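Below you will find one chain, with nothing else, as structure tokens; this is the form predicted alone, and questions on how it binds or moves follow later.
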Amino acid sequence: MIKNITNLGDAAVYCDFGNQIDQETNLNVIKYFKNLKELKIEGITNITPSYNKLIVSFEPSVTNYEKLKNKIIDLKLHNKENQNSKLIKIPICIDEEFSLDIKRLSKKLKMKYDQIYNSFFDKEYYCYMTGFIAGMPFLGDTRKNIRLNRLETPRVKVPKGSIGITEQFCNIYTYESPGGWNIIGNTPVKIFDKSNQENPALINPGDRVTFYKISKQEYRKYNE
């Protein structure tokens, strides 16, 4: 549960769940996130979960740090953290045009392409958080044999839909963006749809994700 609660500037409460990055810790973060969101506490303007932290932003003219801290401490949690979780299957094309860093991965990991992809596809991933750019999911935990650091020099532009891996995580670029992750393919699926105001993100914290391979021809036809 929460290890420590402190104020973050003049308009936010910082909830620290520890330094571990694992599903058990993250599920506690999500539990608090969903419970607080459901309560619709007056004055709260935003609730932001991460791997092992939760930031509750508020309007100082409506409430304050002490009031919110006490509400968080006294919060009676229900066990609905997985109630709305989904298993989402994402197609990915690994054609040379899209697998920008597979050569680097193969060289650094001393593995053949098919070994890398077999390890990548043979896994169910867990969404710890979304962020950096709108709706970008941070998915764990990649198999240990394909974990690698970021690029030495980040790209100025990573194409929208790119799937990248670094260290224990995998992500999907929801927009064209700078980035230093190792890109191994691309998905034609729209991961973030800003026109959907109620739930613009396809993948949310607590969801589970699997990937499956499609051909370049299937990729091109996907949104026709």
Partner chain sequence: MSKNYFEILRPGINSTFQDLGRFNQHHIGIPMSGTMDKRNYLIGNKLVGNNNNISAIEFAYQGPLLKLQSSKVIAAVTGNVNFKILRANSNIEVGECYETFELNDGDQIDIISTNKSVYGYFFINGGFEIEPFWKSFSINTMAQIGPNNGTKFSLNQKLFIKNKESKFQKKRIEYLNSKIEFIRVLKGTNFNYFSEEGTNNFFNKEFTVSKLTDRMGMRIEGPKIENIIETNIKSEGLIKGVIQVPGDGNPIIMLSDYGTVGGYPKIAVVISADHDRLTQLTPGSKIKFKLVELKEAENLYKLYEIETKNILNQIR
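By rigid core we mean the largest C-alpha set that fits within 1.5 Å across both forms. Numbering follows the first chain given and starts at 1. All values derive from a computational prediction rather than experimental measurement.
Keep in mind the form predicted in complex with the partner chain is missing from the figure; the text below concerns it.
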query	finding
Residue (of Thr187, Asn35, Asn28, Ser57) lying close to the partner chain in the predicted bound form, criterion heavy atoms within 4.5 Å	Ser57
Proximity to the partner chain in the predicted bound form (heavy atom, within 4.5 Å), stretch among 114-122, 90-98, 130-138, 70-78	130-138
4.5 Å heavy atom contact, Ile214 and the partner chain in the predicted bound form	no
is_contact(Glu42, the partner chain) in the predicted bound form, heavy atom dist at most 4.5 Å	no
Contact flag, Gly161 vs the partner chain in the predicted bound form, heavy atom cut 4.5 Å	no
4.5 angstroms heavy atom contact with the partner chain in the predicted bound form for Asp10	yes
Residues in 174-196 with any heavy atom within 4.5 Å of the partner chain in the predicted bound form	Tyr175, Glu176, Ser177, Pro178, Gly180, Trp181, Phe192, Lys194
C-alpha of Val13 off by 2 Å or more between this form and the one not shown on rigid core	yes
Yes/no, Val158 Cα shift of 2 Å or more between this form and the one not shown with rigid core fixed	no
Shift of Asn46 between this form and the one not shown at or above 2 Å (CA, core fit)	yes
Shift in CA distance, Gly180 and Asp16, in the predicted bound form relative to the form shown here, given it is 3 Å or more	closer
